[in-house]
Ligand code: ATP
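In C-alpha cells, one chain follows: the form predicted on its own.
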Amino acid sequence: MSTPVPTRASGLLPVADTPAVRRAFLRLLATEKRRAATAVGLHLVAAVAAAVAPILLGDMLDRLAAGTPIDTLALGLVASIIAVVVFTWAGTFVSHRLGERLSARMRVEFVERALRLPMPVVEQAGSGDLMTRSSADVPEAGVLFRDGLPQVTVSLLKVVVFLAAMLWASPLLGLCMLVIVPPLYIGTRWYLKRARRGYLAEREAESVIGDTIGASADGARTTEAYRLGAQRDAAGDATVDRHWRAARYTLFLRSVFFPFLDGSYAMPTAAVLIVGGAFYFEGAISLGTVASCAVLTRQILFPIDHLLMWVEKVQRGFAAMSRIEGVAEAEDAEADATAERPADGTVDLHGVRYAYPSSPRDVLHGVTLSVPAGQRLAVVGPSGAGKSTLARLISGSDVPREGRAAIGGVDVAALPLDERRRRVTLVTQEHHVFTASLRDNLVLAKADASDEALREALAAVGADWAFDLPEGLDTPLGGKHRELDAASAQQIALARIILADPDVVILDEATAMLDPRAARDTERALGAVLEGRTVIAIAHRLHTAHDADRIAVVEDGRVAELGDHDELIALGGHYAALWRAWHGDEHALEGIDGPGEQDEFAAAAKNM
C-alpha cells in the first residue's frame, strides 16, 4: 500500500518539522517543571513499590518450601500494595493537573498566535485550514498533554524499575527480556517511518474538507442561481475521497503494527520459564526467583503494551502539534517588521499594482495617490473597479505586487501587526458580534475604556437601542441571548473605530447595512468624531462623496479622476455622469463613451 504524501495545498498554513515540535513540547513542559518533577517522583515511588511485591512473593514461596515463617514478608507485601495504591493515586492526580495546565497553556498560545496572523495569510489559507487546526488539532494535541504525557511517563518508569528489579533478582533471567527487543524494534521502526506522513496527510485532508464545505455553504445561493450543484457535489466527493484514502492508510498501519506486537508479548515469559526451569532443575536458581521474574515479565509487558498503544496516539498528537506550531511559523513573518513608525496619517500610494493569487491579471494598474493627514477622501466607481482592493492595500491587509503603499512615510505592510492595527482600521460591511456582553464587544477596541467612553462611542454612531437594553452595557449579546440585526452589528463596529482612535480610518461601505437616513446621520456623526484623522471612504452612496474633501474615481484599476465635488462636476466626466444618474437625469450618461461603459456606470449609479 503506497504512502500518501501530504502535499501542502496552495495557501495552506505551514506545518512545523519534528525538531520544532520537539522544542515546543519541551518549552511548554519547562513552564511546569515543579509539577512535572513531583509527578515523576510520586510515580517512581509507586513503581518501586510495585516491583518490590513480586520479589517479596518469590521470597515467600522459597520460605514456604523451606518451612520458615513468612509473617514479616507478608506485612511487607501488604505495605507495598498499599504504597502502590496511594502513590499511584497521588501521582495520577498531579499528572492530570499538569496535563490540563499544559493543554490550557497551549490553547491560549494558539489563540494568541491565530489572532496575530496577518490577514493575507489567513485569507490565502482559507477558513477550513485554520478552523480544522483550532477545532481538531488543538483538542488532539490537548489529549497528548492531558493523557499521553502522564501515561507515557508512568509506563517508561515502570519498564525501567521492573527491569532493574528483574536484573537484581537474577541477571540471567533479566536478560531474557531481550528476546522481545528485535520484534519491538522492527515493528515500531516500520510504523514510525510511515506514521507521521500518514497522519499529516489525514489532517490536511480534513482541512480541505472544511474549506470545501465552508465554500459550498457560503456560496449556496450562487450555486443555486447558476445551477452549480453538480460541480459542488463533485468537489465535496473528491475531498471526502481524499480523506478516506488517507484514513484508510493510517488504519492499514495500525492493522499491521498492533497484531505484530501482540504476537511477541508471550516471548519473554516463555523464555524466563524455559531458562529458569532448566537452571532450577540444576539447582542454580530457586523456584521463588523463577516465579518472581515470571511475574515481573508480565508486569513489564503491561507498560510496554501501554507505550506501544500510545505510540499511535502520540503520532496523532505530534502531527496535530506540527500543524499548531505551523501557525507560529506563519506568525514569524512579523519578525522582519520595520522599526520605523509613521510620522502622521498621510497615505501615499506609488505605482501600486496588485493581482489576487487566484488570478494572473492585475486588479490595480500603477495607482499613484496621496492623501494628506486629516483629509477625508471618498473613493467611487463601478463594481469591480478595484475600490475595495485599494482599501485593503492601504490597511496592509494585502501587499502590492509592485509599488509602495505607505502611511506616514512607512510601508504599511512592513509595520508590526500590533502597530498597524493601532495606526489604521479597516471597517467593511461584514461585522461580527461575539457571544458576550455589549461591554466586552466594545472593549475589544480599547481594553481600558471607561463606561462613559463606551456610551459616548455608541451615541456617536446613533446606536440609541443600546441605551434601552435591560442590563445596559452588561447585556449579553449573541448566541441564546439578544440577537442583533445587521444594522446594529454595524453600529457596534463603528463604535469600535471611535474607541480605537486610529490615525487612518478606512470605511469600505461601512454603513451599507443602515437605511439611507440612518446612514446619513451616522456618517455625519462619524465625520465630526473623526475630525483630524485621515478617512478613506469607499462610497456606495454619492452623498458620502459629496461631503468628502476630495473624491477619487476608480475605473478599471486606475484613478480616472481626482478632485472635490464641484471640480469633478465641472469636469463633466465619469463622476459627473454618476451624480446626474443618481439624481435621475435621463441624459446623465451622454458623456460616457460606448454602450458597454454606459451600462456599467448606470448599474453603478443604481447601486448608490
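Small disclaimer: the values here were computed from a predicted structure and weren't measured. Numbering starts at 1 and runs along the sequence shown.
Omitted from view is the form predicted in complex with this ligand, to which the following refers.
Original post:
Of these, 229, 372, 214, 384, which has a heavy atom no more than 4.5 Å from this ligand in the model of the complex?
Top reply: So the residue touching this ligand in the model of the complex, by this definition, is 384.
**OP:** Quick one: from 356, 93, 281, 302, grab the residue that has a heavy atom within 4.5 Å of this ligand in the model of the complex.
**Re:** Answer to the contact question: 356.
**OP:** Mark residue 509 yes when one of its heavy atoms lies within 4.5 Å of a heavy atom of this ligand in the model of the complex, and no otherwise.
**Re:** Yes, residue 509 sits close enough to this ligand in the model of the complex that at least one of its heavy atoms falls within 4.5 Å.
**OP:** May I ask you to check whether residue 361 falls inside a 4.5 Å heavy atom distance of this ligand in the model of the complex?
**Re:** Taking the distances in the model of the complex, the answer for residue 361 is yes, it comes within 4.5 Å of this ligand.
Original post:
Is residue 389 close enough to touch this ligand in the model of the complex, meaning at least one heavy atom pair within 4.5 Å?
Top reply: Looking in the model of the complex, residue contacts with this ligand include residue 389, since a heavy atom lies within 4.5 Å.
Original post:
Heavy atoms within 4.5 Å of this ligand in the model of the complex: which stretch among 407-415, 361-369, 247-255, 149-157?
Top reply: This holds for exactly one stretch, 361-369.
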